[in-house]
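The chain that follows stands alone, in the form predicted on its own, written as structure tokens.
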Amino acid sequence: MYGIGVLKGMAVTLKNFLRPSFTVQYPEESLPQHPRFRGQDFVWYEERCTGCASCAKYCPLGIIRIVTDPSGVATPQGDKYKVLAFDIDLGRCMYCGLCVEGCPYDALHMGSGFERARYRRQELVIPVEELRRMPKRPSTWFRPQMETKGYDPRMGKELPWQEAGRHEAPDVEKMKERWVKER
């Protein structure tokens, strides 16, 4: 009884021992990410932001803090506000993307980064100055038309604010062809 069980267990061990390993030794190696990966970075296009605070209103955890001041610059939608503070607390963020969906002007996008570990929780708050300096490489999550145009955030090319919208209809046939090619 015990001898057969031990032999079966050793057979499984030997079979897995001879297989090539699929473990990735991070951070020396990394797995490729999908272009729609929602990471710990946010891409904020200040040119598009009116300071309406819709992103803060739609956030279920209340992690976005926006302080505005009337700027006196009239836009077709109404008065544009000067953004004095736009802080995002990544220590509490669950990366649901509701803030991105709620932005009526496509000013806020999810990013692709995931290496933002810190020792103190206070360092996980992204202030407005850092949002302004961050590279503009938004994830294609919730923006399939950017993917159909050939944009890939992993390639390192920054995307200008004029091309980062979501209001054009995606070409479904092209998306299907691309999906079939990738499979």
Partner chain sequence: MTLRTEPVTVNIGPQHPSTHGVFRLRVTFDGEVIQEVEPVFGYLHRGSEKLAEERTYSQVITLTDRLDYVASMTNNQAYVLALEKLCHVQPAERGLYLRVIAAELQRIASHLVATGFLLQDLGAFGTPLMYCFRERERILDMFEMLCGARITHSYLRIGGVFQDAPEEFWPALRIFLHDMPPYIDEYEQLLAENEILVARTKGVGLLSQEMAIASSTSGPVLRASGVPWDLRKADPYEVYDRFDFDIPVGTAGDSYDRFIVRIQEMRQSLRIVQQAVDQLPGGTSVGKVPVRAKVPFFIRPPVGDAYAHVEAPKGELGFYLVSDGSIAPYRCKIRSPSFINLTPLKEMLIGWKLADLVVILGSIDINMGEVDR
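Positions refer to the first chain, counted from 1. All of these numbers come straight from a predicted model, not from anything done at the bench.
Here the subject shifts to the form predicted together with its partner chain, a form of this protein not shown in this document.
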Using a 4.5 Å heavy atom cut-off, indicate which stretch of 116-124, 130-138, 40-48, 53-61 touches its partner chain in the predicted bound form. 53-61
Touches its partner chain in the predicted bound form: Leu31 (any heavy atom, 4.5 Å): yes
Does Gly9 reach its partner chain in the predicted bound form, with heavy atoms at most 4.5 Å apart? yes
Is there a heavy atom of Leu84 lying 4.5 Å or less from a heavy atom of its partner chain in the predicted bound form? no
Although the partner isn't part of this model, could you tell me whether Lys157 comes within 4.5 Å of its partner chain in the predicted bound form, counting any heavy atom of the residue? no
Using a 4.5 Å heavy atom cutoff, which residues in 143-158 contact its partner chain in the predicted bound form? It's fine if the answer is none. Arg143, Pro144, Glu147
